[in-house]
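Next up is one chain by itself, shown in C-alpha cells, the form predicted alone.
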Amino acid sequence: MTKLPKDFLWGGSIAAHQCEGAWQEDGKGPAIMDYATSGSYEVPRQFTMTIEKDKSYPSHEAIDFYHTYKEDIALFAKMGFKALRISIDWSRIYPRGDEEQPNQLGIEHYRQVILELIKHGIEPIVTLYHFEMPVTLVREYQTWLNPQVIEFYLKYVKTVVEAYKGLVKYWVTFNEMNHIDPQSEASDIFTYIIAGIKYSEIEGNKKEVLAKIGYNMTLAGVKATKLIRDIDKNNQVGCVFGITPVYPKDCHPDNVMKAFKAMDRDFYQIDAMCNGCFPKYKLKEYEDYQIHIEVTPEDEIAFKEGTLDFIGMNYYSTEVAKSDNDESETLWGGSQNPYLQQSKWGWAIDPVGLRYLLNYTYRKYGLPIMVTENGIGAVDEMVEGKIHDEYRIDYLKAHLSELKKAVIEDHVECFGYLMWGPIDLVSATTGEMKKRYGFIYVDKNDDGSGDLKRYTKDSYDWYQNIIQTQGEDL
C-alpha cells in the first residue's frame, strides 16, 4: 500500500475570528477576539475593555473571508480539497449570547458558506467554539465559571445543528480548550482566547478558577456531543485538542517522569470525553490544591452519554520537559530540543513527533483521529508576483510522510489531514499577518496596507499533486 485511502479527507482548517472580518455586519455582536490587538513574537497582544483608537484590532477586517468566501472556496476546490474545517462565530448567531431568538442573518450567512462548500464537493467540518465567545457572556455572566453559560452554549449548539441538519456531518464542539489547566502556570494569551479572561487579572485562587472553567467546558462538551447526535443520528462529533508531545531531557528516571507529567497535562479532558467519566486522578489533584469540584449524578450521566466519535488533533511542535537550570523556553513553557530546528517563531520542527502522537493517542483511546491543524508560520516574500515557499513544502512533506507511516505501517486510524491554515490569516497568538501559513497569499500587511488580493504559492501546486496522487508521491 503506497497511497492513503481513497476516502481520506485532504483539506485545511480556518477560524472565523482569524479570517472573516465584518465584525459589526449583519447583526454580529462583539466577541472576545474583537478586543485583541495586533502584536508580534516580541510584543504580546493586548486585550482591551474598549476599542481604543490608537490600537489595531486585526479581527475587525482580517482577510475579509466574510465577503470573499466564494472566491476562496473555489481556490480550495481547484487544489482538490475534500474537506474544509470552518468555525461558526457564536456572536453572529446570538450577538450577546443570552437572547431568546437567534440572529437569522448569521444563520443564513453560514448556510451559504456550507452550501458553497458542498457545491464544490468539499465536506464541511464545523467547529462550534474556536475562541469566539460573545463578550457579554464574559462581562455579565463570568464566562465559563458560571454554569448558566453551559446552557447558553447548548442553546446555541442546538440552533446551529438543527439549522444545518443534513448539510453537515462532522461537528467539533471545542477547539483547544485543554490549554487551560491549573496544574501549570497559565498565560494571559491562552486564558483570554479560550475564556475571555486574563490570567494575570484572576482574583483569588487562580488554580481554582482554571479548574472550574476547565470542568464546565468539558461538561458542556459532552452534553453538546449527545445533543448533536440526538438531533441527527448520522452526525459524527469530535473535539479538537492542541497536544504537544514532551520528551525527557535524558533517560534519567526523574526526567522521564517529569516529561510524562508535563505531557499528561494535555490529556485529562480527552480522558473525560472518551472514557465516559471525569478522571478521578484529576479530582484528587484538585483536592491537593484545596479545590473542590462537584461532579453531580446528572454530570456523571452526561459524561457516560457524551463520549466522542473521533478526536481532532492539532499538532505543531514538541518540547523537552523543563529542567531547573534551563533558561530557554517554548510557547508552552518547556525547553527547546537541541536536536531540532526551530521556526522563526520558536516552534521546534519535529515531523516524527506527529507519528509518535498519532500512535500514542490512537493506542490510548482507540478512536479515529483527524489531524485538524498542522503547518508552519513563515515570512513569505513575493518576487515578481510569485511566492517560492519551498520551506513550507519541505515542512509539510516531512510531516505528511510521518502521518503516512502512522496509517500504513502502524495501522493508526487517521482519516483526515487539515492543514493550518490553507490561506494566510491572522495569527491567534500574535495577531500578525506576516506569520503566514497558507498555500494562498493574501496581500495584507501588519500595518493594514494591502488590497487583499489572493495569489497562489508554489506550495499550492505541490499540495494539489499530493491530493491527486493520494499521498503516493510523499
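Just so it is clear, the structure is predicted and the values come from calculations on it, not from any experiment. Note that residue numbering begins at 1 and tracks the sequence as displayed.
From this point on, the text means the form predicted together with a small molecule, which you will not see here.
Ok, Y316, F152, F310, F174: which has a heavy atom sitting within 4.5 Å of the small molecule in the model of the complex?
None of the others qualify; the residue that does is Y316.
Based on heavy atom distances of 4.5 Å or less, which listed stretch (23-31, 430-438, 57-65, 403-411) is in contact with the small molecule in the model of the complex?
That would be stretch 430-438.
Find out whether any non-hydrogen atom of E373 is located within 4.5 angstroms of the small molecule in the model of the complex, and reply yes or no.
Answer yes; at least one heavy atom of E373 falls within 4.5 Å of the small molecule in the model of the complex.
Is H130 close enough to the small molecule in the model of the complex to count, meaning some heavy atom within 4.5 Å?
Although the small molecule is absent here, H130 would touch it in the model of the complex, with heavy atoms inside 4.5 Å.
Does the small molecule come within 4.5 Å of any heavy atom of W347 in the model of the complex?
Contact check for W347: yes, within 4.5 Å of the small molecule in the model of the complex.
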